[in-house]
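First come two forms of one protein chain, each written alone as structure tokens, so that there is a structure 1 and a structure 2.
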Structure 1
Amino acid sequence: MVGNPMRLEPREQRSLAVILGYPLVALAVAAAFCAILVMFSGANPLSVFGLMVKGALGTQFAFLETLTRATPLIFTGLAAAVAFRAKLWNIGGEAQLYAGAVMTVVFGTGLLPLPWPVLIPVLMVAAMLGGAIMLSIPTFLKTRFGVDEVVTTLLINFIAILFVSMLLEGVLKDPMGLGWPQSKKVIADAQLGKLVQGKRLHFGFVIALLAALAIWVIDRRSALGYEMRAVGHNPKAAAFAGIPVNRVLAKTALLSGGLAGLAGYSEVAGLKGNLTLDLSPGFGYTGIVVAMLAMLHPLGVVAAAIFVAAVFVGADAMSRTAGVPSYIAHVMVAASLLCMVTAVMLTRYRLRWR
């Protein structure tokens, strides 16, 4: 028999050139692949990519729209990164986002007559609590009964959407909404201000940046961060060393779900003003892509979220000008993810030929 001529072996040391070089090469390969697809569509790749960059970053309006689109992706990307670091496979970012949005609407439409310096933090905590509960349920099922959290967190997304639909047709429906399934608008004291007057970018983006910095500190400078990494690397070894694995997973679920809940709070209080069934066009799922592109690094999540948002915003502008379908953005993000996963593997392992 002839054995496999190629095998993978772990790298004992990883140089800075390897850590940075492979991801950059991965993005270049993804761009080349997408350029071929653009050529098949009958357009000039350089012209299309130029229009995308201009549409995402070329003007103040475009740049601010990119940051606006990136804001919920930072929250959901952080949520996925935190959970994945501990090998808690959180696929339920959509459910947690909508849970945070529901809590924001319930308490932010006049139920709590508080001034804005108090009301906004209260709403943030309420949104985080809603998202945390949505992830704590699958985590409990995992730790207590061994139920696969991939299945439970994925299915709970559909349950949450149907539940929100029921609320918007029932107790949360705006009586002044002309029959549309939407909630009342949150009161003025509950809304996040705009960073630039007359534009859509709001202070939720600042909160997202602070959240990324806080998660980096927790990950690298706290006992909880060490415990999450230890459980993620080897839960049996972590338990042998005295780390309470189930308790760490419960804390991870609270933190991860809370971050995704903040995405719902940010979209309602900072951008939309009320809750609708199309509040999220898939931010929870895209956050997983963002986390993987960032290699689960909290600060890298910010850059990855801006990159993904720029691709989508730029593709919308490009499709109107060049006549190329905007779905090319989804292909670019997917190709970038596949190439990045391969690059991450090659930074940890090297190919050896027998």
Structure 2
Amino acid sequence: MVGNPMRLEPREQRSLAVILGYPLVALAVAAAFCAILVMFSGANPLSVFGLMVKGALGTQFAFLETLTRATPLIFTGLAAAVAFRAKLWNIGGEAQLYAGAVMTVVFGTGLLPLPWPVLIPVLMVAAMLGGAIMLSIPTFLKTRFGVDEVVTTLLINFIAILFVSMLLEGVLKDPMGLGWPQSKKVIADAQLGKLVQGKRLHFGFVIALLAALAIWVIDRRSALGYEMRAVGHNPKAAAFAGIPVNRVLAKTALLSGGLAGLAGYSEVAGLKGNLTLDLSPGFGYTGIVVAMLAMLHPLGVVAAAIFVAAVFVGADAMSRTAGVPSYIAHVMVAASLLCMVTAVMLTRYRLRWR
């Protein structure tokens, strides 16, 4: 049997060249891959990179659009990061996001006629609660019956979306929506203002940044953050030391689910105004990728979310300018993701051949 000729060795120190170099190489590789694909469509492959940068960051409009798309990803990325820290494999960000959105429209469409300084915090808490409950079910099944949460959270995504569909064709249906499965609009006091007049970027982005900061503090300084890390790394040792493992997992679920629920709130109250079945084009799943790209670091999540959003927005705009099928945008996101996680790994390990 042939041996594996490759070994990984941890790097003792990481030079700046390595930290910056590998990610840049990763981006170049991904762009080269997409350039080849673009060539097949007859467009000029060399223009791809420039068009992408322009499409993502080139104008104020593009840059703000990138941040707009990054906003829900920061929330879902934080949700995944928090859960994964404690080795709670939450793949159900999508369901939790919708749960948060449902809570937002249940309470935000007129049921609570409160002024905005009261209503907005109330809705945020409600949305967090929705997401939290959504994740608490699989967490309970895990701690009580030992049911694998990867699978349950995944399955609950389907159930949740069907449930939302049922609500939107039933009790939550907008009577003014001419039969479309959509909810009523949230009232003006429930809406998050725009950050820039006439653009889509909204205060949800600021909330996302604050959330990242808060999670960072919790992770670094708080007893809960410590407990979550300990439980994630070694639940047996944590239990021995007196850390209540199941309770910590329950708290983790509340926090993680709550963050994903906030994504739903922010999309409804900041961007869409109401709830539809396509509120999220997979933000829950992309959040996992964002979290891992950030190596579960809360502030890294912000950067990773903006990166992922920029690649998508840039590539999508590029597809229109260059006249290639728009599916190239997702190809580019996937390629740069895979290249990027590899690059991040290579900044920590050295490849050795023998």
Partner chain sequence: RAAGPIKTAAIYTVPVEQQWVSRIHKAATIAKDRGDIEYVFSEKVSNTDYERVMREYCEAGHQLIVGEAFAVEDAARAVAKDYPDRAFLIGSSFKPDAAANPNFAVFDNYIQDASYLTGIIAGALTKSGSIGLVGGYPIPEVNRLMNAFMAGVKESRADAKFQVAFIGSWFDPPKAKETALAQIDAGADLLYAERFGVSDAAKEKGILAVGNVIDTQADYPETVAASALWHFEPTLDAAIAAVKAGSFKADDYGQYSFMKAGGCSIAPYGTFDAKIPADVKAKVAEKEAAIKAGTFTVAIDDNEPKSS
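Each form is matched to the other, and the largest set of C-alpha atoms that superpose within 1.5 Å is called the rigid core. Just so we're on the same page, residue numbers count up from 1 along structure 1's sequence. Note that the structure is a prediction, hence the values are computed from the model and not measured.
Each structure shows the same chain on its own, and structure 1 is the form predicted alone. Between rigid parts that reorient between structures 1 and 2, a hinge sits in the chain, and the option from 46, 188, 199, 236 at that spot is 46. Two rigid parts make up the chain, and between structures 1 and 2 the smaller of them rotates against the larger by 11 degrees on C-alpha superposition. Core superposition gives residue 31 a CA displacement of 4.7 Å between structures 1 and 2. Core superposition gives residue 330 a CA displacement of 3.0 Å between structures 1 and 2.
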